[in-house]
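Here you'll find one protein chain in two forms, each presented separately as structure tokens under the names structure 1 and structure 2.
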Structure 1
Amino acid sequence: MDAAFLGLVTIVIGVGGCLGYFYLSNQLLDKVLFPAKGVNAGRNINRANMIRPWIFLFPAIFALGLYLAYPVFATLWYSVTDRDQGGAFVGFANYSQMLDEPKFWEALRNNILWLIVVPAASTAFGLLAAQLTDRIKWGSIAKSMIFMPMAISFVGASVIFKLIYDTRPVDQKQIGVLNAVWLQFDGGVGSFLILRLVPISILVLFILLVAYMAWGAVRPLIKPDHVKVSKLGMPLRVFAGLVGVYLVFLSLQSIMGLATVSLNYGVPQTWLTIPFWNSFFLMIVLIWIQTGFAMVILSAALRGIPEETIEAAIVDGANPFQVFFKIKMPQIAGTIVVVWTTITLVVLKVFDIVFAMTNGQWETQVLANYMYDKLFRANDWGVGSASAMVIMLLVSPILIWNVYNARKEMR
């Protein structure tokens, strides 16, 4: 009863406070500061109307400044001071210490890997689900099932997948789904097909896709086919090409590893302790969650495509793949970019999944978990704040680009 009464009082005070603030601010503005009477009545009315929106926005601006702007400047200050020396200014010493730690570079490398894999996979699966569910009668039910993981917290999803990856001793029954499947292989033809040939085929297709996209990004720079490249687009295209080359290199290394690796058939695997691959097992959790978000947004975009363009393409003899890639994809490219960048922002701040499943062990460290370890476990506020500034610097270009595109569309 006390909790219910407290909640009621909070609602009354909150709503009543807002109504009181707007009423009193209007009275102060119209009756005291700029009264609409006398020889200056017209000028006062104009001034009051100019100031009134800012008075209404003041609580939100103040709250945002208190909870967003102040922490940014405070974190920046902590990153250049030493708490053990009474807050003395130490310049870039914390940044230098951070750059000398192997764990930071491990976290940065893993974050880059997450940024490459998760947004691409989530957007691709979301687009595939959106396209397929729109073509079946029970599509709404399928969409609900795919979107359901969005209602689960990151920690809850981590617990679910931790059970999927669970490992028990050899003499005990395996409750982890992945190990239960793994123990069915004994090194025969099925093992070769499923554990070697299928992954290698997927990687080969991935290499072809990445190479095609990278070539599409850098082609206007090599062969300018009347395609005007802006000053901002040039470095982005070069960066996209370099990322493509890096991904192809990593994929080729993975193919060599799959072809030569010795697999322990019949023995349960501790999946989350296998270096490099355990990061992909963690990524699957976020892909599982974000695919539903991508599907909903892209499904709405696909429904907004004019039917006339699709019908015209079919009349001209286009097959379903050409309709999808040549007609639909270009028309929803803007939405795909928005979904991609939104998921990218989520990936840059990923913390819960790594913290709940591995806590950064076995070479799975990411920047947010590294920051948490430094701030709250090592009590090293300087290095922890420096890593927080690194995360903010990585997020800022994406935010600026999104704002730029939003303003460009508004014009």
Structure 2
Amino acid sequence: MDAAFLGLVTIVIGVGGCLGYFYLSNQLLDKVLFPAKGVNAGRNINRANMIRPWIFLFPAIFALGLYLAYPVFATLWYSVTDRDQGGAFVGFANYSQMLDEPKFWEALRNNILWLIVVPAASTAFGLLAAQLTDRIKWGSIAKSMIFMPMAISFVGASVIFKLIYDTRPVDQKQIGVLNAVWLQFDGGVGSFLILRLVPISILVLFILLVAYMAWGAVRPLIKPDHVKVSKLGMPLRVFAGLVGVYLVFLSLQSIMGLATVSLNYGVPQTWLTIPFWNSFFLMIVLIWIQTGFAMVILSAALRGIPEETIEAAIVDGANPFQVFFKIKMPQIAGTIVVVWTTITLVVLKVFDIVFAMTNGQWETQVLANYMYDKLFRANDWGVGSASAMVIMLLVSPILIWNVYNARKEMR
């Protein structure tokens, strides 16, 4: 209980201290240093107004500087020094040590997989949910149900999904839903339809979509026509094209795998120990949480679309799918980018889910958990800081993009 008392005292001191600081410093400025009376009243008021913003800002700048800005540079410094040698400068030794570790490459590969799958799936599901719930009366109730996992901690969600993925020996009743469903498949026609044909057709659709989008991005470079390519656009378009080709390649590989793999019908699976696929079972947890976020934002964006544009399209004979893909999608493209980048940031920092469910075993390691391992289990601050810098490096394009947009907006 004394911790609770300490908490109460902290609230009083913290809040009271802040208010007292702001009040007293303002008083000091107005009454003592530059009083707004006497011969210099006008000049004093101006001077006071020059100083006042910094009084208001000081605690925030101090805390931000100490708790976020300083650590970036400190971590950078730790990543090029060796703690065991008393903090001597060792150049890129930590980085090369990290690059030699297979666990690091595993973490990086998994993180890239997470970065592709989770934002895409969350945004797609969110868009679907937003579009569907906007059309019905009880949509707001449905929305808050889908939004609800946002309030659940990653750890809580991990427990929830561990129950779903639970495995019992073959002679006992399965208490995990996934295995209970899995045991319904017996290798007959139904299994072929659901486990092979449906996923393969989804992947084919995905390939077509990606190919179409990649072609749309690259086309102006190959056939220069009316679309003008800016200097900045060129590398971006090439990059988008390459990502598209890579995704198509991945999907083709998966189709081959799906078509040829022999499935263990009738045997309960320990889902979290199947290499490669277990990462997807972890991703489902994050997709489940983030879909609500995507839905809320995209639903607001969909409502912001001017109705005249939709009416005009319908009058011109567009069907609902054309309205959605040709009229609505282009108008909310900006919002989709925002949602995508926000979820990307969450994915880059994902730690709790992997930590609680597999702790990086069975090839599920990700960068944030790799870093935690290095920092607090292996006590290797050099490599830990180096991997933290890799996360920072991956975040920085989004950082620059956000700052660029914020500056553009303020002008």
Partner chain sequence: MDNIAGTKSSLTWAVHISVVLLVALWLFPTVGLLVSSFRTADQIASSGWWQSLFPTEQNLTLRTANPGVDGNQALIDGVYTVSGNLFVVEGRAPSAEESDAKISVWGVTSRAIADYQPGATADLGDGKTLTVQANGDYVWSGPEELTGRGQRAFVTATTPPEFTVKNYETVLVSGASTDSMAKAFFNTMTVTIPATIIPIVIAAFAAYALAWMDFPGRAILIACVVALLVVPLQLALIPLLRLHLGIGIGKGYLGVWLAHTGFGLPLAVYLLRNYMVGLPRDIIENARVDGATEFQIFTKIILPLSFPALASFAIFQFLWTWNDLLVAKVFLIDSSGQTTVMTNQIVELLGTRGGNWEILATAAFVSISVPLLVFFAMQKYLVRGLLAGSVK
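FYI, numbering is relative to structure 1, first residue = 1. C-alpha atoms forming the largest set that superposes within 1.5 Å between two forms make up the rigid core. Values in this document were obtained by computation on a predicted structure and should not be read as measured data.
The first of the two structures is the form predicted on its own. Listed options 55, 135, 128, 309 include one hinge residue for the rigid-part rotation between the two structures, namely 55. Smaller rigid part rotated by 14 degrees relative to the larger one between the two structures (C-alpha superpositions, whole degrees). The two forms line up on their rigid core, and residue 11 then has its Cα shifted by 3.4 Å between the two structures.
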